[in-house]
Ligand SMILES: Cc1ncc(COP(=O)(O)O)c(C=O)c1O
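Starting off, we have a lone chain in the form predicted on its own, written out as structure tokens.
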């Protein structure tokens, strides 16, 4: 199950969706750029027309932002549409996935008729991305007795929040190139740690595809906009796998306004740096909880022994607080939850509720 389903919770609890505090989806707590609202209002006339099938203006803006060729950019209906299209576009049949991670990589492979095999990050190493082990596997060209033709890396990883250095990712890219393998790097959360991103350098690597999302940092989940960066040849292959008009007119103009608002981006980074540190201290202070390090806008937390993630998720849900139950994510344990960093007021409400629930178990 994915996070962000406030609608089911509202129906179940007989509440208005606005009454649900959603910590299960990791969206910029400051919301979209103020320029987004102005642009959408000014672009209402576009609703009478089909959207631009080439996403021309948005691709030009993204190309300027990254100092790359706009022909290297493919815009999709969220990065999930691009993930769905990649196995067919690249001819990947056996994909190596670093677990625990986003479920759609393996799911997209299965839907495309391929297979996914997993390399697990170590809990004892706080789920740090195992670059050295990955490179060793790639040198062998096989994993668990199976040959592979592609690797996907979520960076920073969800749900763990871990990220490697840009140099280590480049080392992984060299290892995949030596073996003639595709490397897909999902940087949906990389706006929160730009120093660890491999864009725009990886744009010239012929075997690499970089995914980016307008959902997380730019807070546009309801408009579904994501993009891929690759060489021009690879970008054309990917574009041919997408349906026409998949990105709405409102999505395109909103994403364009968001990318161009550097002031809101700086404000968002400052807020996250401060509030993430504050929330981490509050979570660490909860008795028995283990908080993993993160480079994104969420925390992977292990509940105290004796708790199950499903139980705490349901108890918080009844209080209109949604969190992400990660107990079913391969590679985690039954006590694993993911918590988004929201506003100061929202985060305090979550900590208060968590503290009360954990204390009830101690008292009983």
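Bear in mind the structure is a predicted one, so any value in this text is a computation, not a measurement. Residue numbers count along the first chain shown, from 1.
Heads up, the form predicted together with the ligand isn't pictured, but that's what we're talking about next.
Though the partner is left out of this view, residue 102 does reach within 4.5 Å of the ligand in the predicted complex, counting heavy atoms only.
Interface membership of residue 186, defined by any non-hydrogen atom within 4.5 Å of the ligand in the predicted complex, is confirmed. None of the heavy atoms of residue 251 is located within 4.5 Å of the ligand in the predicted complex. A residue is said to contact a partner when one of its heavy atoms sits within 4.5 Å of a partner heavy atom; residue 176 fails this definition for the ligand in the predicted complex, lying far away. The contact residue chosen from 190, 279, 129, 154 relative to the ligand in the predicted complex is 154, the criterion being a non-hydrogen atom within 4.5 angstroms. Proximity to the ligand in the predicted complex, defined as a heavy atom within 4.5 Å, holds among 72, 79, 268, 294 only for 79. Considering the ligand in the predicted complex, the lone stretch of 242-250, 164-172, 212-220, 198-206 in range is 212-220 [heavy atom distance within 4.5 Å].
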